[in-house]
Structure formats: structure tokens, C-alpha cells
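Have a look below at one chain only, the form predicted alone, in C-alpha cells format.
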């Protein structure tokens, strides 16, 4: 099927436009859709769910949004007191005991790194910290040459029995920006389920989980046109899945040569990956889809689709730098006679 035919098939679904804000619903207690939002982990967090009454909804909203602040305090590289920052300071000196949550994220990161042959690598932070996207600053060639030897996920040694992490060389900096939000979304969904919620949508930036359907109909999830903020490239009818999108439009600046410098870096070069504008992964949990979206972005359309087709229950939509759409077999509609 052509890209055009695929897009036409998806566009038959109506676009769901939802405006989310921190909401307290006035009036008497009643079953309804409730919506809450916040900012955590340097990204907007948005929650929509069906609850039986306002009191329950307020409790659910407060507890779920608190999850993201807890993960931020634990895994942000921007906080000097976070667990990740302490790990970066101390792990080159010997094994560091870490929390179960951080160890789980590091294990998943290593799994995706091995699967993608290093295309996903949390030690990219060893050069990533040299970029300042707000100031439009990128490292020099000399700075990259100095930092790149420290970009190697195999130099992060995990001891599962002792729950410790050790770096094999000094100067390594792990950055969980490509996977921690997915972990937080999964934790939020767990909290929703424990509180009795059965229909919900929870997102943090480009990472989303859908809990159940939208009470008898699917959720409609738009994949943004990477070059038009107000337009979707496609709309997918989905339910009970995780969806993660990585795009070159999230954090970027245009340098003096007119090139787009964005935050998705190649572990091989330390520079922004070229050839792809966005990658969307659909799977069971956001921890997995978050890491895979970055991995496919770095691998590119051909190698990325080849990897995804080997993974059961995972699908992908890639938009390349020529505005061509590439999709996995699981998203191609059945052919009719």
C-alpha cells in the first residue's frame, strides 16, 4: 500500500480534539470524564479519565500527577540532588546501590541498547550536556572528540543481585531523558488501575498510555506533522496501548549553517541524527515504546523497521526527512478483493 493510501485510510477516523487543563468540576458528584494537567520532568503531563464522582477524581488526579514529580526527583539530570546525578558523580569510583525503580529503567535501557546495537545509549549524556538548546549552543569538534569515548552503554555495569551500578571509566554521564518519561507513564497507569479506574488517557510529552477504550469507542490519537504544529500527519484509532513519539521538533535550534540541531543525538557521532523527522512506536508499555522510539530514530527507516518487525506486539510509523511515511506490517490495513 502506498503512503497516500495508508494516510487516506487513517484519516477516515474523526480527529479527537481535546483541550486539557487542571480541572475542578463544579456541581454535585456524578460519573463523568475528568481532566487534569501539570508540568513535570520538563514536559506537560495530561490526564483524562472516567470516574464515578468528583471526590474520587480529585484523589486520582492528585496521586497520579504526584508520580511524575517523584520520578523527576529521582531521574532528572537537571537536579543536582537526584539519584541519577548522584550516580553520575560516584559510579566511576565503585559500585553504587540504586533504587529498584532506577535499576528497572537502567535494565530496560540496556535491553534496548543491545537490541538496537547501540543506537539507543543512555551514556549519550557524556556529550549531550555540551548542548544548550535554549541558548542555541552546540559543542565544538574538539569537545565531541574528547567526549565520545565515554559514550558506550557497555561501560555501565549492572549487578542485578546487589542492585548496584558501576561505570568502567570516569566522565560517563547517563541521561534518562529518552526513557524515564515512559517509566513514569507506566507507573501512573498502575496507580489508576489500583484506584479502580478503567478508562483513561495519560501522557507526558511524547509518551502516552491508553487504559481501556473510551467507553465503547476507541481513543483517536494524532501523530503530529513534524513541520506543522497544528496539523496531524495521521490519526490512529487505538485502545489499551502505549504510544511514544520522538521528533526533531521537540528541542532544537537552527545553527549558523542553516542546519537543524536537535536533541536526538547519534551515539556514534555525538551530533543530531539526520534523515528522520519523527518516529512513533505503539506497544504494550511506555517504558519499552519510549526507548524504542529513540532507537528507531537513530537507526533510520530501513534498519528501524527491520528491527521492529522482529518484535511481537510492536508497531511503528516513521516520517523521514523527505516527508515519506514508513509503517510496520501491523498497521497496514487488510486488503479486500
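Numbering follows the first chain given and starts at 1. Small disclaimer: the values here were computed from a predicted structure and weren't measured.
Beyond the structure shown, there is the form predicted in complex with a small molecule, which is absent from this document and is the topic of what follows.
Judged by heavy atoms and a 4.5 Å cut-off, are 178, 206 and 264 together in contact with the small molecule in the predicted bound form?
Contact check passed for all of 178, 206 and 264.
Look at the stretches 120-128, 188-196, 138-146, 214-222 and give the one with heavy atoms within 4.5 Å of the small molecule in the predicted bound form.
Of the options given, it is 120-128.
Quick one: of 307, 282, 65, 298, which gets a non-hydrogen atom within 4.5 angstroms of the small molecule in the predicted bound form?
Only one listed residue qualifies here, and that residue is 298.
I need to confirm a contact call. Of 163, 260, 108, 251, which residue comes within 4.5 Å of the small molecule in the predicted bound form, counting heavy atoms only?
So the residue touching the small molecule in the predicted bound form, by this definition, is 251.
Is residue 245 one of the residues lying within 4.5 Å of the small molecule in the predicted bound form, judged by heavy atom distances?
Residue 245: contacts the small molecule in the predicted bound form.
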